[in-house]
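Only one chain comes next, encoded as structure tokens, the form predicted alone.
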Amino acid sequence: MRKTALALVALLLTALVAVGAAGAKTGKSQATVINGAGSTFVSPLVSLWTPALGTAFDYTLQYSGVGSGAGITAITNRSVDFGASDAPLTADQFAACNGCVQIPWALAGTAVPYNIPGGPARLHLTGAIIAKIYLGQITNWNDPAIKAVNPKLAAGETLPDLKITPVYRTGNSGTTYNFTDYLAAVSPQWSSQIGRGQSVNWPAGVGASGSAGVAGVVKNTPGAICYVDTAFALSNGLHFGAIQNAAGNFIFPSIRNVVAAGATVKSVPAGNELHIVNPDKTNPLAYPISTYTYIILPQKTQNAPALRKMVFWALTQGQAGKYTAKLYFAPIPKVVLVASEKALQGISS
């Protein structure tokens, strides 16, 4: 009987060793799962980071691009490990989140794509024109104000007598916050009547859900215009406007021009809230509808070690051109990086 028992124990130990070896070989049994939700703006970049984080740390990153507002709600409810938002948290949202910190971790521009059959591939737009389009005051592409800033069209290009359909994001959106923050900065009428926010009362246009939604409506609607991060505009094959900045230059959301806008931050305030729309005329290259986007973390969390590693990687190796450049994200500047790393140190178990 004793020999039989010993044999069974030996067999069990052998099986456990085999299972452990298999787990070590595949790495799957040790994988740490990190769940996040929020910004659709940053989701293409997070998608590129995901396999690299798996290779570096054996992390399984599961991210849902449900919009900044939903991401803030999810982290507030602690139904995810992190939220992501292109809009900084309000005082009420900070209070509701009960011990959260927002950390700038990416930088990009909000493009203004349009669909004008036979229209210019390099359409010039001003803040005043965009505001009047979304106020419902400029309704056709052959409006004199649009013609005035596009005096030299290429051969075969026209500004047709075609109705403009402004398209906006439904729900709470960080991209909406960036866009309306810009409109409020360049249009006194927009500032006083509509204001800035993750959701506003749009005077004109049609709504669509998410970055992919608004880009899809523009792609399929002659005459439409929207606001969306540059990556979604590119993936949908859309032309997007050159926006006049405060220096008077018509600027595309290229990496160089977004870097110029991001560099206007000289110091980072407590709370890490940053606004870089419509930089002054001393910044001739700055793209005027640029934004930092934030990861939102609980200061106390069981996943603190993994989250610190993940976010530090995103702030450093994740800023490399092989991840950011193809999506028109720009590397965050040193002054913001230092502030973000300092905030990250406050995350603990």
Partner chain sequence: MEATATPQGLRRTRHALDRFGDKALYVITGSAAVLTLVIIALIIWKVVEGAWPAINKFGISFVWSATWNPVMEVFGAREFVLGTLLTSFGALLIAAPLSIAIALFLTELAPPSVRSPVGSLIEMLAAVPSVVVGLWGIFVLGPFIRADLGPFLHDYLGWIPLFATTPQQTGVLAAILVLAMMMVPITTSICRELFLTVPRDVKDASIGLGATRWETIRGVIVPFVRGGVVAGITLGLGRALGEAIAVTQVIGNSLRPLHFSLFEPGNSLASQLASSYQSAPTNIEISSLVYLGLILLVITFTTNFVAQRIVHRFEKQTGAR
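Being a predicted model, the structure only gives us computed values, none of them experimental. Residue numbers count along the first chain shown, from 1.
Absent from the display: the form predicted in complex with the partner chain. The rest refers to it.
Q: Scan T165, N150, N278, T76 and let me know which has any heavy atom within 4.5 Å of the partner chain in the model of the complex.
A: In short, T165.
Q: Within 4.5 Å of the partner chain in the model of the complex, heavy atoms considered, which of N98, N142, N201, S267?
A: Among N98, N142, N201, S267, a heavy atom within 4.5 Å of the partner chain in the model of the complex occurs only for N201.
Q: So, G69 and the partner chain: in the model of the complex, are they within 4.5 Å at any heavy atom pair?
A: Yes, contact at 4.5 Å.
Q: Is there a heavy atom of G271 lying 4.5 Å or less from a heavy atom of the partner chain in the model of the complex?
A: It does not: once the partner chain is placed as it appears in the model of the complex, G271 has no heavy atom within 4.5 Å of it.
Q: So in the model of the complex, does any heavy atom of P160 sit within 4.5 Å of the partner chain?
A: The answer is no: P160 has no heavy atom within 4.5 Å of the partner chain.
Q: So in the model of the complex, is the partner chain close enough to N172 to count as touching (4.5 Å, heavy atoms)?
A: Residue-level check for N172: yes, a contact with the partner chain.
Q: Pick from 142-150, 105-113, 213-221, 253-261: which stretch has non-hydrogen atoms within 4.5 Å of the partner chain in the model of the complex?
A: Heavy atoms within 4.5 Å of the partner chain in the model of the complex occur in 213-221.
Q: Just to make sure I understand: among 320-348, which residues lie within 4.5 Å of the partner chain in the model of the complex, judging by heavy atoms?
A: Residues within 4.5 Å: none.
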